Structure formats: structure tokens, C-alpha cells
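We begin with a single chain expressed as C-alpha cells, specifically the form predicted alone.
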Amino acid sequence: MTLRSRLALRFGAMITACLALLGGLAYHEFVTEPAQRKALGIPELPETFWGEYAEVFFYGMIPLVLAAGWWIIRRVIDPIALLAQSIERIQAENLPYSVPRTGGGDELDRLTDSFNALTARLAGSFGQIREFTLHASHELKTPLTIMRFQLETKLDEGKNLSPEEVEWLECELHEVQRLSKIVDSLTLLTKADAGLMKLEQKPLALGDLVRECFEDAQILAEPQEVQVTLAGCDAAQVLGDGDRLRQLLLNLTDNAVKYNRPGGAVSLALRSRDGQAEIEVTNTGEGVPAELQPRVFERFIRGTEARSRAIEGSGLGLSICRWIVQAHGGTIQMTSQVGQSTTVLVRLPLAPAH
């Protein structure tokens, strides 16, 4: 319950009690007491009569004073409510946004100025973090590329290498490739945060992308004996970037296969309804705990299953998926039942009919 609601209830209760007391007083003064005087034959003096009127009028002012007090308090609370609404609209993406001042020069304006200074410092810190991440990932690309080239060259030319040496080189090459993917993902997300990523807006047949992804998922699922099915593929056209949407579908299906049980199933479906294209990816894995589900699209978040089974990944795939979906004006959500299934639902706006 809000502060305004609590104050309104308390003032309402006090005003109701005052009105009840005022009604009882008026009934006693103008009904009960005159009846008693009449029964006893006691005449009522004029000054007593007017005194009773003055007494009732005085007590009758109490509810009005309370109502006026509530009006004054509400005028004081309104700027606090507006301040709370402005603060709620602030997210990490719009930290430079300044909360408007009330203009009264009071404590609320001091609080607003302090909060705006705090968000300005946070925006500066976030900007420095993004700049550092972008420069660091850029600097890491060159040595990783060189290491990858040297390892691949050594494997291609190493005819006299022992099986142990070949295995060691392949392991090192795999780790370098994994680091390169992490660096590429960090670069992508950092550029997206800074608004440096520009997506194409072209009409795309989403069904073609889904069918291509279905074929790729079958190849990915074969080593784990996971069955992949295409539950439905409606005709749906969207405006977007084909490469990024293909990356979105590949990330989702790759996760559905990796976080699955041997011999499990993955279902992929595309439906067109209510002006939106709905992409649904379901797998029969161990599921995501309820306390972790609200955070699965955050960066570097990985479940206990991924760590216990040593599943490859950096915890950035779903963050990239969320950015791609939001950049296309859509929404993404996950629902999961532990031990049964996990479903990711993506909604994208359909392209205009023309």
C-alpha cells in the first residue's frame, strides 16, 4: 500500500469518527435534551439555545479542518509520487536522464539534485566500463588470431607429430577458438550498449530462416541423439537483419540441444498471430530453477547444470539473443519446469502488409 493510500485511510477514519461524534452531539442537543426539558417542564433560555448552536458549529469545524489537512498533505505528497515515477523510468540504458525538479527549492529539490548527480556519476562509470571492454576485446583479437594461425599451421605441417602432441595442439586450438568467440560476443554487446550497432531493416521471410535453422539443429543434435522436430512453420514476413535473426535462431537451438538429456527432444515452431511472429523453441532438458529464470538473459549467468556437466559456453548467448530481439522491436521470455522442459518464446512484429 502506498503512503498516500495509508494517509487517506487514516484521515478518512478520523473524519468518519468526527462525523459520528458530531451526529451524536447534535442529536443529543436538539432532540434528546429538548424532549427531557419538555417532559420536566423546564423552559429553555434563549442564550442556552444559541450556545448549543455555537457548540455544534465548533465541533462541526473539526471534519473540515481534517479535510483541509488532507488536501495540504496531498499537495506535499504529489511531488514525491512524481519523483518516484521518474526514478522508476530510469534504467541502465538511459542513465543520463535527469529527474525534473519541483522548483520549490525545498528538500525534494535537494534530493532530486543529489539523485541526478548520482546517475551522472554512474553513467560516467558505465561509459568507462564499456570503453575499456571495447578496447580490451579489440586488443585481444590480434594475439588470438595469431595464436590460432600458428596452431593451425603447426597441425597442418606436423606430419611427424606424435598422437599426444596432436591432441595437445587440438586442445589448445579449441581453447583459442573458444576465447575468440567470447571476445567477439563481448565486442558485439559492448557496441550494442554504446549504440554503435546498426541493423538492416529489410523484408525477410522468417519461415525460410526457421527451416534453415531446423536443418542446422538436426546436425547439431545428431551426436547427442536428440530428436529435432519442426512443429509448425507459418508464413511470416518481418523487417529486420537476416544475419542477426539467423544468429538468434542458431543460439536458441544450440542451447536447446546442449542443455538437453541424451535421447531428448527439441521442438521448433513458427506461428503468425495477432500481428506478431512467434518463434517457440522447446527442449526436454533438466530445466532452469525458478529463482534463476528472471536472470537467464543477463550476462555471464549460467545454471548449475551447465557447470556440473561442463557444458561449453560463456553465459553471453542469451544476452545476445535478448539484444537482437529488442533491436527488432520484439520480446523474449523463458518458461521452465525443472526436470521436464524449457521453452523460449520470441515475439517479433510482422512487416506491414504493403
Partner chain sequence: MHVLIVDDDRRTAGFISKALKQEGCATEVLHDGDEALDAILAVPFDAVVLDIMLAGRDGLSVVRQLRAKGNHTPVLLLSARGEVNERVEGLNAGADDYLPKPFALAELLARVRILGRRGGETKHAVLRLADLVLDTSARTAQRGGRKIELTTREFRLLEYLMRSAGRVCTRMMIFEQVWEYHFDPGSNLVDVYVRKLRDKIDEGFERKLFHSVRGEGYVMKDSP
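Predicted model only: the values in this text are computed from it and were never measured. Positions refer to the first chain, counted from 1. Basically, rigid core = biggest C-alpha set you can superpose within 1.5 Å across the two forms.
Separately, the form predicted in complex with its partner chain exists; it is not shown, and the next lines address it.
Novice: Any of the heavy atoms of Arg101 lying within 4.5 Å of its partner chain in the model of the complex?
Specialist: No.
Novice: State yes or no: in the model of the complex, is some non-hydrogen atom of Lys198 no more than 4.5 angstroms from a non-hydrogen atom of its partner chain?
Specialist: Yes, Lys198 lies within 4.5 Å of its partner chain in the model of the complex.
Novice: Should Thr142 be counted as a contact of its partner chain in the model of the complex, where contact means heavy atoms within 4.5 Å?
Specialist: Thr142 belongs to the contact set for its partner chain.
Novice: Consider Phe149 of the chain shown here, and say whether it contacts its partner chain in the model of the complex, taking contact as heavy atoms within 4.5 Å.
Specialist: Result yes; Phe149 sits at the interface with its partner chain in the model of the complex.
Novice: Sort through 265 to 273, 124 to 132, 236 to 244, 108 to 116 and report the only stretch with a non-hydrogen atom within 4.5 Å of its partner chain in the model of the complex.
Specialist: So the stretch in question is 236 to 244.
Novice: State the residue from Leu83, Leu188, Leu204, Ile90 whose non-hydrogen atoms include one within 4.5 Å of its partner chain in the model of the complex.
Specialist: Filtering the options by heavy-atom distance leaves Leu188.
Novice: Identify, from the list Asp78, Glu175, Glu225, Glu212, the residue with a heavy atom within 4.5 Å of its partner chain in the model of the complex.
Specialist: Going through each option in turn, the one that passes is Glu212.
Novice: Is it true that Arg273 shifts between this form and the one not shown by 2 Å or more at the Cα, once the core is aligned?
Specialist: No, because once the rigid core is superposed, the C-alpha of Arg273 moves less than 2 Å between this form and the one not shown.
Novice: Tell me whether Ala205 is among the residues that move between this form and the one not shown (Cα shift of 2 angstroms or more, core superposed).
Specialist: It does not reach a 2 Å shift.
Novice: After a rigid core superposition, would you say the CA of Gln247 moves by 2 angstroms or more between this form and the one not shown, or not?
Specialist: Comparing the forms between this form and the one not shown, which are aligned on their rigid core, Gln247 does not shift its C-alpha by 2 Å or more.
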